[in-house]
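Same chain, two forms, each on its own as structure tokens: structure 1, then structure 2.
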Structure 1
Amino acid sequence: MNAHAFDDATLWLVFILIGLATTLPRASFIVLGSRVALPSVLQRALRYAPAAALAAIVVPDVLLVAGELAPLNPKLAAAGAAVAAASLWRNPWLPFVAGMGVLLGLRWGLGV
């Protein structure tokens, strides 16, 4: 299929439909507001959405090096140090400092 297979009207129709498909589900929460209560199971599941999204973004970057699984890499060690610091202490800066310290130490000190 070449680039000229769709005319302008078809492209605009596709753009409008895609816009509606992405906007309506998000707008429904605003429009409906408190008039509709979500089931408690769904409310509990939605509490984990930010952590799941963060894990989906971070985990591949930590585990993969050049597109291949690398269980022994500085990023994984740094992530482990950050998780350990976060679970042991409630200081919000300590996981950052521990993770960056391990990452920079491995990269500069060992040349990994």
Structure 2
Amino acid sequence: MNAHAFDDATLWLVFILIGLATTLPRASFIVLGSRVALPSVLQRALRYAPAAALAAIVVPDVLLVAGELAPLNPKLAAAGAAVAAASLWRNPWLPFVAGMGVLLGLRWGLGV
């Protein structure tokens, strides 16, 4: 089973680089101390990075099938079910159950 496109050595290198991209922002000011201040303009801009990145990953994943816009695909329906479950109920498991249920139901039941 090898669904991804990297060989073993490259994959470990990628893990280490992602690890650096995680530890360095976290440790930055804790290690530097509070002598250095972050400009408030930069602070405000940084707040939007996670939302922008999350959406840039997720939206193409649920809207595109094989590189083409496909508004009626099982992944989008599954995404809708997961978002609905997350907004309606507090249970942390339900979005996963609903999303995976719809995705697998459509794929297996209807062969979409």
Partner chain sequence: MHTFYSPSFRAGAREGFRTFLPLSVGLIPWALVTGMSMVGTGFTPLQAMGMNVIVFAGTAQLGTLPLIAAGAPVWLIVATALALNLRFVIFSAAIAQGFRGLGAAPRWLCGHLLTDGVFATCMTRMLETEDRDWRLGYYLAPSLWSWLLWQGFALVGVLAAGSIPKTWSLEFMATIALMILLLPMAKMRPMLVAAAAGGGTAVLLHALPLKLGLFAGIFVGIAAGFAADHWPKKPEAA
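Definition used throughout: the rigid core is the maximal C-alpha set that superposes within 1.5 Å between two forms. Structure 1's sequence is the ruler for residue numbers, which start at 1. What you see is a predicted model; the values in this text were computed from it and never measured.
Structure 1 is taken from the form predicted on its own, while structure 2 is not. Relative to the superposed core, Ile18 undergoes a C-alpha shift of no less than 2 Å between the two structures. Shown is the Cα shift of Gln43 between the two structures after rigid core superposition, which amounts to 4.9 Å.
Once the two forms are overlaid on the core, Ala27 shows a Cα shift of 8.1 Å between the two structures.
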